[in-house]
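First come two forms of one protein chain, each written alone as structure tokens, so that there is a structure 1 and a structure 2.
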Structure 1
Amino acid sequence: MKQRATFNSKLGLVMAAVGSAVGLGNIWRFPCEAGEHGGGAFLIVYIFCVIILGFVVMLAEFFLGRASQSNTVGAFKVLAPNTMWKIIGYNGVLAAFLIFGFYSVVSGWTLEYIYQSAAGNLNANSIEEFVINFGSFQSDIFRPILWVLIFTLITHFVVLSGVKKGIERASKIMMPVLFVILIALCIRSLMLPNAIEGLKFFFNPDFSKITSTVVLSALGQAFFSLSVGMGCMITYASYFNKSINIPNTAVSVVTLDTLIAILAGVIIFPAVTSFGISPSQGPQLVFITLPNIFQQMPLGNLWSFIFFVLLAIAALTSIISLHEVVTAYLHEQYKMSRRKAATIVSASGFTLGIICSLSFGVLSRFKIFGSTIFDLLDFITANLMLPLGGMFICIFIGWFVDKQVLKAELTNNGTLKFKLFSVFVFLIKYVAPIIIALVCVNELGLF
């Protein structure tokens, strides 16, 4: 039997896992959420939620992956054979594929803006012109699809190269570059006029602004920011060797992911404060507002180019992990070659990406339940599939996995100490499922 691939080094596996967690949600969704929900108050609640919820669910997924040494579906087949628990795995694989489809569209937008920045074309006389230019690009038939194709081909090449030569090698290059760009942009943002006001808003909490809405929004952001519930961490953990300290690795990943989100805030808040703009603008902030801000800076096209390279790297590291979830499933469950499995995922994902891209143009009037295809897939995955997947993973680990088996895996058969094991079990059994259920209900607008 062929030995299962593993990451070569702890640095490689941490960079790969952090790359999976870090995405556009860290760079733009986190600052938008923080801007909308009180800045520093949101940050405090978010960090608390990451510790209570994010770490716990990530640790659970790491356990599932390494204990089973299998893909997302195979993990439940190994640990709970001949049961219905494998449905959780199928949910994760399907969620990863659907997100891969529409996420590649937004990822492609970053390549367009890299090109436009390099060509010196991100110039407009007003914010309205930026709005028109972005809308015109979104609704175009060919250009967005071309960028989706390029992004898909890059992802395909990395995944096809395997765990060590593809995913690990790419992560060890891209993640340090991402950190360098983050630091450079932070320094530039801090040099802007009135930057200190932006930092005060972000780091000086006004606890009177903490409401149930802020708490639930922070919980949701923590959950989605860490890429849990879609099988990425289960799949990557299946490539961990048996000497890896799983709790320490989870701490490293959660800490670095949170640090990147905070650095993104240090970039965004001084910039928008200096130019008197609201940070809670979603995609408009990234593709309309920030290019307008960069235009008003010296060497604006250069800083715009650097920023969109940052976004592209963050998107790529995430989309590689989404691709790998589905590729590993097809490769192992259907005994396909890795090349065939990866090709099927790339081709079908690109096809879905075309449909999602066209939903901003020629298919914009085609609605399902009142939503475009892009918006529907975004809603279903973010509001239903991911939280439900995460919740049932917690229930499975907390209520059905033998605690001796769980402890043995997390302590490497007793060779490592995990003093908070009892606390972890309590959180995964009682607290995390309830919290995730509340997040799910809140995201559906039912709370």
Structure 2
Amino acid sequence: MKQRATFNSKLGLVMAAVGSAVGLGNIWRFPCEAGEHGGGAFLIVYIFCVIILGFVVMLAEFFLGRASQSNTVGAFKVLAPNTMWKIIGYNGVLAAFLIFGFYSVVSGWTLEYIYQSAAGNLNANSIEEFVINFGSFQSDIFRPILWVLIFTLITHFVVLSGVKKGIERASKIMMPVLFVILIALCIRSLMLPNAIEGLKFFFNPDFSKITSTVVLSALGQAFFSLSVGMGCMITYASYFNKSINIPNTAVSVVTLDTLIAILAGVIIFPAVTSFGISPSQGPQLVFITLPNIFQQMPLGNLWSFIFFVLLAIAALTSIISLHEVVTAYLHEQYKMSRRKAATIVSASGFTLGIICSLSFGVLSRFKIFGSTIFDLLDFITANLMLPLGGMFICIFIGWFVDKQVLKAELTNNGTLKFKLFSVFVFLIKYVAPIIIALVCVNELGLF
């Protein structure tokens, strides 16, 4: 059998997992969700979900991937042959594809902003003008789709250049730079007049705002941001070599990812209150507040250019992981060449991207259950498919996987210590599945 490709270095591997986790989810989706769902109240629930649920599911996925050395669906076929468990894998592949569709649209917006900053055009006289400019770009037919196409082509070629070279190299260099820029932006944002009100909104929880919708959104956002619940981390962990310390890797990924989301909040919310706009603007929040911050900085267009380049790269390292899930599945389960598999994914993903993009323009009045196609895909994947996928992953590991096997894999056959192993087993067996089930049932209005 041909040996599977593995990630080169330890740093490269952590960075690839971080690269998948850190993306538009942290910088675009997190402030948007937090803004719509009560700021501080959302943040508290979010952090709880990350630590108790997201982390546990990430460990579980790392286990599944490295133990089976297989893709999202294959992992269940290897570890539980001839059972229904592989449905979790199918749910994951489908979720990856659907997320790919709307994620490529927002990734495309970052390209437009790179272009506009390079041209020196990202200026306006007022925040209202930024809102109008963004709206008219967004509802245009061809322009956003052109960017989706370009972004999809870039993704396609990175995925085709192979696991090691493409993904690892891209992630390793850019993530630290992004981090530095975010810190600079934080400082700038905190110096805006009225910034303190934004910090209050973000850090001062009003517990009366915690409703079942807030909890479900925080749960969905935690899974979305960490790239868990649909087997993305299974696919990545299948490329881990046997000496990697899985628990430590999960701690690093979760910590970095959460830190970056919080940084994004510290950038956005002070700006929101300072500019006097509503924090519940929805998907365009980041794309109107940030240019306004940049405009008030010396060399604003340069900063803005660098920032959107980095954001596009963060989006790229995330979308690659979505693409990879579907490509690895087709390649390994249907024995088609990687090139053919990747081409199918890119072409069909682009088609879905077109539909999502048009849902801001000509298709904006076409609604299913009261949502546009973009919003619907976002909601179904993040708030249903990922939490339910995560729940079944927990049940699978907690109830059906031999704990000896689990422990051996997580401790590299006893060569590492994992002191909290029994806590982990308790969480994955009882706590995580029950909480997720309650949240979903409650939101569906079943009690």
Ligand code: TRP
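The first residue in the sequence of structure 1 is number 1, and each one after it adds one. Please read all numbers here as calculations on a predicted model, not as lab measurements. In this text, rigid core is short for the largest set of C-alphas that superpose within 1.5 Å between two forms.
- Taken from the structure described as the form predicted on its own is structure 1, whereas structure 2 is drawn from elsewhere.
- Residue displacement note: Leu182 has its CA displaced by at least 2 Å between structure 1 and structure 2 (rigid core superposed).
- Once the cores line up, the CA of Pro193 ends up 2 angstroms or more apart between structure 1 and structure 2.
- Val18 shows a C-alpha shift below 2 Å between structure 1 and structure 2 [criterion: core-superposed Cα displacement of 2 Å].
- The two forms, fitted on their core, place the C-alpha of Pro205 8.2 Å apart, compared between structure 1 and structure 2.
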